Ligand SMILES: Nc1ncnc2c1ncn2[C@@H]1O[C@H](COP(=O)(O)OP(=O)(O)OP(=O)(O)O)[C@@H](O)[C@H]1O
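Take a look at this single chain, the form predicted on its own, given in structure tokens.
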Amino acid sequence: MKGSVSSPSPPDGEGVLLALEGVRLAFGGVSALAGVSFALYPGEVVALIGPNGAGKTSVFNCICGFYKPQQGTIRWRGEAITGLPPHRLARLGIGRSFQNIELFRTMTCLDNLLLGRHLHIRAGLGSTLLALPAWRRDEVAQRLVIEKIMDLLDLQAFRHQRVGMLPYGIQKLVEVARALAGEPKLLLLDEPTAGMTAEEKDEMMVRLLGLRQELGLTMLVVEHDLRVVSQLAERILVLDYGRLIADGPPTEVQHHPEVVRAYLGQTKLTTEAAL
């Protein structure tokens, strides 16, 4: 896996959902991504790991349109989407949760999730201001979707509580739920278990795998806990100084020499290690 690392072959009969081809990103003279290439296939759960500063969040920001790479191409179902604004990428089906919770803390859980439906609202300003039947039908349709998401993630007990008053683990779950409100086909999760206890992490893993099964999601997950990674993801991408140094199943990647060297010079990585 030295030099250029290629993604494994796709599952039979399934095409590429998302592909990065030689993506390069630099800030001034500092290189954040140095020719990163990989592919994601429908239904996969893939982990993106690497030491601090390896470029993981930069990959997410390029995929979501927050950053525009200087070189390379990002493709969605074969079509180039490099440099498209975030709202257009969201409409295509790319959703995201953030490393630091980005919820409206003074609003309720229900209202935060309803905000995630803005891409799907059909009623115009006039019918909304006048509370016309078209607006009422649209409002009912959006609330039905949110109710299903809250049922799926067991958030009904918190629906009318202000997000800022909820336990940290529940806030992380609300963040995931709001991303789901946009009905993504690809869900990018930036450290979804950060700051959680071991029990909370296990519960989050069960919920994420349930979402994958229930909604047919493809997930790309940035995570530092290798125990979580090895149980959640079927494939791991490893970044180091903006380079992709490994791409494969957990059992293969955790013993790969370049991956071992990237983490404190350890002789091997174990599932108890925190990356």
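Heads up: residue numbers just count along the shown sequence, starting at 1. These figures come from a predicted structure and were not determined experimentally.
There is also a form predicted together with the named molecule; it is not shown, and the following applies to it.
### Query
Does any heavy atom of H224 come within 4.5 Å of a heavy atom of the named molecule in the predicted complex?
Close contact exists here: in the predicted complex, H224 approaches the named molecule to within 4.5 Å, heavy atoms only.
### Message
Against the named molecule in the predicted complex, would T218 count as a contact residue? Criterion: heavy atoms within 4.5 Å.
### Response
Output for T218 is no: heavy atoms all beyond 4.5 Å of the named molecule.
### Message
Just checking whether Q231 would be counted as a contact of the named molecule in the predicted complex - the rule being heavy atoms within 4.5 angstroms.
### Response
The answer is no: Q231 has no heavy atom within 4.5 Å of the named molecule.
### Query
How about F27: is it within 4.5 Å of the named molecule in the predicted complex, going by heavy atoms?
It does: once the named molecule is placed as it appears in the predicted complex, F27 has a heavy atom within 4.5 Å of it.
### Query
If you check in the predicted complex, do L40, W76 and T82 all have a non-hydrogen atom within 4.5 Å of the named molecule?
Result no, not one residue of the spot touches the named molecule.
### Query
Of the residues G65, P51, P250, G35, which one places a heavy atom within 4.5 Å of the named molecule in the predicted complex?
Contact residue from the list: P51.
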